[in-house]
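Let's start with one chain on its own, the form predicted alone, as structure tokens.
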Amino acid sequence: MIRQAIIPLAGLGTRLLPLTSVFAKELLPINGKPGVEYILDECIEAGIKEIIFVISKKKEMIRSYFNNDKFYKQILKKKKDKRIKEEYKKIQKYKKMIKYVYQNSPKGTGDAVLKTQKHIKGKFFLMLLPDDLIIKRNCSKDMMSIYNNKKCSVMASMKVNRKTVNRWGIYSKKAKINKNNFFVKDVVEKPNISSAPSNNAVIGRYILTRRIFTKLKNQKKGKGGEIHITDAIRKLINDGEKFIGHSFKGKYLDCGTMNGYIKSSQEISKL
């Protein structure tokens, strides 16, 4: 069973400026609840017991948010508010599950994952990107079921507009398993529209083998000068490692842009 998850949180959040000039984007409220808590709840429901946050010194407010016991205890002494008490209990639950790793230079998702190596105990782990919310169905839980059956890496997939493929990692399919799952032949990071192998994009949910660390150690910088997890995945596929693409059934929300962030609150308020 997979019991650990990695959540990279060290990004600068420039697409959400000016809000992120003073506030961590992952703590911005989405329909009254910090965005990162939706990700945490997804992990818990999927059976995850330990969550590794990859933060930077500039994101210390994330750590403070989950470690503000003194503040809550003082408030609850003065005010017997049931809602505040329940919120504090929830934060305490999260706090017990979270470990912190630092990535102080924004070198990409691959570098963020590499920083967690000494903390990963099992053969496989879950990784979730906080900008990608998937509502109405637990994508991580469904991917866990696939992993339990196939015992290999699994990544979320979604069809995107062909004109936008240069924004995503894009799959090349090897063979169809069933209606919602396929074996991956290759993954290309932000391909040109003319050369993209499909319009099936990689979405921020991954079950990865710990063997990826051996590739990340020697991984060179890719597009944008960053170390991409996609490039390390490609090397594993070339070595014969099996990867399954999972076309999830939930609704995807992009919280990493201003328009997406606003829309996310609107969509979640309808649930």
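Keep in mind the model is a prediction, meaning the values are calculated, not measured. One rule holds for the numbers: they count along the sequence shown, beginning at 1.
There is another form of the same protein, the form predicted together with 1-O-phosphono-alpha-D-glucopyranose; it is not shown, and what comes next is about it.
Asks: Among Leu40, Glu50 and His119, does every residue place a heavy atom within 4.5 Å of 1-O-phosphono-alpha-D-glucopyranose in the predicted complex?
Replies: No: no residue has a heavy atom within 4.5 Å of the partner.
Asks: Considering 1-O-phosphono-alpha-D-glucopyranose in the predicted complex, which of Val36, Val202, Ala232, Val54 comes within 4.5 Å of it through any heavy atom?
Replies: Result of the distance check: Val202.
Asks: What is the one choice in Asp111, Asp186, Glu189, Asp142 with a heavy atom within 4.5 Å of 1-O-phosphono-alpha-D-glucopyranose in the predicted complex?
Replies: Of the listed residues, the single hit is Glu189.
Asks: Among the candidate stretches 176-184, 111-119, 89-97, 189-197, which one is within 4.5 Å of 1-O-phosphono-alpha-D-glucopyranose in the predicted complex when only heavy atoms are counted?
Replies: Selected stretch: 189-197.
Asks: Report whether the minimum heavy atom distance between His228 and 1-O-phosphono-alpha-D-glucopyranose in the predicted complex is within 4.5 Å.
Replies: Output for His228 is yes: heavy atoms within 4.5 Å of 1-O-phosphono-alpha-D-glucopyranose.
Asks: Even though the partner isn't displayed, in the predicted complex is Tyr261 close enough to 1-O-phosphono-alpha-D-glucopyranose, meaning a heavy atom within 4.5 Å?
Replies: Tyr261: no contact with 1-O-phosphono-alpha-D-glucopyranose in the predicted complex.
Asks: Can you check whether Tyr206 is within 4.5 Å of 1-O-phosphono-alpha-D-glucopyranose in the predicted complex, heavy atom basis?
Replies: Yes, Tyr206 is a contact residue.
Asks: With the cut-off set at 4.5 Å between non-hydrogen atoms, does Trp168 touch 1-O-phosphono-alpha-D-glucopyranose in the predicted complex?
Replies: Close contact exists here: in the predicted complex, Trp168 approaches 1-O-phosphono-alpha-D-glucopyranose to within 4.5 Å, heavy atoms only.
Asks: Which residues within 1-38 place at least one heavy atom within 4.5 Å of 1-O-phosphono-alpha-D-glucopyranose in the predicted complex?
Replies: Only a single residue, Arg15, comes within 4.5 Å of the partner.
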